[in-house]
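A single chain, nothing else alongside it, follows as structure tokens in the form predicted alone.
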């Protein structure tokens, strides 16, 4: 076990290093200058001082070394576009907003999706099964943008049940202002419902004819006991594979949903930073989000063991 953790830690560090390096040189290869618009209005001396402030007057390799040193100590620098804005401040202010929205979407979407998946598998070939399949195809085919605008128009515009835009802040950031979160949560949860309903149904149908299930049935166990103790547990391995990645993706924010409902999350800001060539913000967010994904993959490996006792974690290569 100890060797496994050490190996995975080394792999994480090397992966983050490669991601940061690739991001830096890709950003360098993009035409344009993040300071050009501001610098064109300044006198030559002030322009030179501005470029020196952000280190753009240095050779590329020197800037690369400075950037990597900053990443090692968690300092990604200051925004090129918004003076005084740093990655640390951005994560502190905006990540909780995207995290609450994403977690609400996952909890609601995955719960409903799994229930529908069980229903479709148990009632295979019936009208309930066909309805779940049709609903899944509909939900996964329609983009978030369409769902968001439709919900906004009907429930916020016509019926006026919920606010059109906005998001709770201050003391209500995590556990208040629910009326602002309902429509964005519904907009984002539909994809999870469709994905997990189809995933669990397919997995359960693969398991239902296995020898151990037939043996359990031959011993006289009730249908409910067979489903709970034998079919469901072994059907959850694909779900465990998908779930951590869904959580990681939802926490990073959704540009379309945050834009439609004017939510000050990290997803909307990340796209804005890319459009503005805000190099330090792009680099910082990319590394932090990559680290999040890598940790999630590690947690997924641990969850495999909890779900399937046949899987063992060792220090040996797989």
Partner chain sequence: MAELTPDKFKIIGYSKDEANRIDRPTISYWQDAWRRLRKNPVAMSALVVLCLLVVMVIVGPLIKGYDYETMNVSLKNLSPSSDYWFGTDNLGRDLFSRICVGARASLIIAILATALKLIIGTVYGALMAHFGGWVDELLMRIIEVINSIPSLLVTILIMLVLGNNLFALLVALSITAWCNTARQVRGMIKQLRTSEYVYAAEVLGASHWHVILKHYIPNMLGILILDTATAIPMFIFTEAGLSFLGIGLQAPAISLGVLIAMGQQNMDFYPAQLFFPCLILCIIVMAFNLLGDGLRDALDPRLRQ
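Residue numbers count along the first chain shown, from 1. Only a predicted model underlies this, so the values are computations on that prediction, with no experimental measurement involved.
The same protein also exists as the form predicted in complex with its partner chain; that form is not shown, yet it is the one meant from here on.
Although the partner is absent here, residue 67 is not a contact residue: none of its heavy atoms lies within 4.5 angstroms of its partner chain in the model of the complex. With a 4.5 Å cutoff on heavy atoms, residue 275 counts as touching its partner chain in the model of the complex. The closest heavy atom approach of residue 72 to its partner chain in the model of the complex falls outside 4.5 Å. Using a 4.5 Å cutoff between non-hydrogen atoms, residue 302 does not count as a contact of its partner chain in the model of the complex. Scanning 26, 46, 52, 60 against its partner chain in the model of the complex with a 4.5 Å heavy atom cut-off leaves one residue, 26. For the three marked residues, 78, 195 and 296, no heavy atom of any sits within 4.5 Å of its partner chain in the model of the complex. Applying a 4.5 Å heavy atom cutoff to its partner chain in the model of the complex picks out 137 as the lone residue from 119 to 137.
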